[in-house]
Each structure stands twice: as structure tokens, then as C-alpha cells.
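There is one chain below, alone, in C-alpha cells, taken in the form predicted alone.
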């Protein structure tokens, strides 16, 4: 049975998708509420019923996307460790999960990366908190790897975590924009080699 809550969730999902596609195509300032409503197939008033403004819609869009990405990364790490894999293997699984997410939601990823470099947005504090949310998942796995003596204590956890997240985001966008003929497996294999040579090369002394 379709409840009011389910209908609202479905509507908000349509608005998220419409907004992320339009803003990725033509920018935040050039995108109007009318266009978002039309693309989502709803009345303009429906947008304001769910969100007080276009800015609020955009902030919620960022939160929604990053929450999905974080959950995918966490699930990949947890599944690997529960199956008996190492933390470095968990990092590799997170790289693949990140690539899969980006392949599934390319417009959101393009938008998210573009906004990371803009400093004059009202939602900058929200974006920085969301960035840290993603990086923190990777930091936790790296810290566990150091604690379990899988990696050297010399690993700079915050910087390495940020570098790994950045590597996946930039590599995936380059793949989609300039090397679309490559498969996800090929891109993952290339990044896995970088992981093994970089982080994997910082294994603790036996």
C-alpha cells in the first residue's frame, strides 16, 4: 500500500535526480525551480512543499548523494573484513565500490567534485562536513590496518585517506570523460596497482 511517507520519498527522489542532472548540465545559478519541477514531472509548488528553496534542495541533494556513497564504502569494507580479508583488501574493495557508485551516479559526482573547489557558496560548510564524512570512512580502515600491524605506523592516516578518495573521484571522472571505452574492471585494476604500490608498500615490518 502506498503511504504518504512513501509518496513523499518518491517525489523527493525525482526532485533530487532532476536537480542534479540540470545543475550538472547548466550550473546552479542558471537552473530554475520551474525547470527542476518540469524535469521531475511535478508542479512548481511541490518543490517548495518539500524544500524551502532551491538552495535547500541542493544541500539536501549533496547530503543524499554523499550518504549513499558513504554507505557503499562502509559496506564494501565491512563485507571484506567479515569474509576474512585484510584492511588493505578492504581499501581495494572500497575503491571498487567508489567506482561503481560514480559509474551509477555520474552527474552527481561531477557536481560534487566541481563544488568542492568553489569557496563562495553558502553551502560550503555543509559540503566540507560531507567531504569529511566520506574521508572518515577510509580513515577508520587505515587506522585499523595500522592497529592490526598490517600497515606501518608511519602512515599519515588523514592525508592518505584524502588522497585515496581524491584518486578515485578524479580517476573515475577522467575515465568517464576521456576514456569511456575502458571497463570498470580495467579502471579498478589500474587503481588497485596504485594502492598496492602506495599504501600497500607501507606495510608494517614483519
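Here the structure is a predicted model, which means the values were calculated and not measured. Numbering follows the first chain given and starts at 1.
Just so it is clear, the following notes concern the form predicted in complex with the DNA, a form of the same protein that is not shown.
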Checklist entry - Would 104, 126 and 134 all count as contacting the DNA in the predicted bound form, using a 4.5 Å heavy atom cut-off? => result no
Checklist entry - Which residue among 70, 176, 140, 31 has a heavy atom within 4.5 angstroms of the DNA in the predicted bound form? => result 31
Checklist entry - Which one of these stretches, 176-184, 35-43, 141-149, 159-167, sits within 4.5 Å of the DNA in the predicted bound form when only heavy atoms are counted? => result 35-43
Next on the checklist: Can you work out whether residue 54 and the DNA are in contact in the predicted bound form, taking contact to mean some heavy atom pair no more than 4.5 Å apart?
Outcome noted: yes
Checklist entry - Within a 4.5 Å heavy atom cut-off, is residue 11 in contact with the DNA in the predicted bound form? => result yes
Checklist entry - Does residue 171 reach the DNA in the predicted bound form if we count a contact as any heavy atom within 4.5 Å? => result no
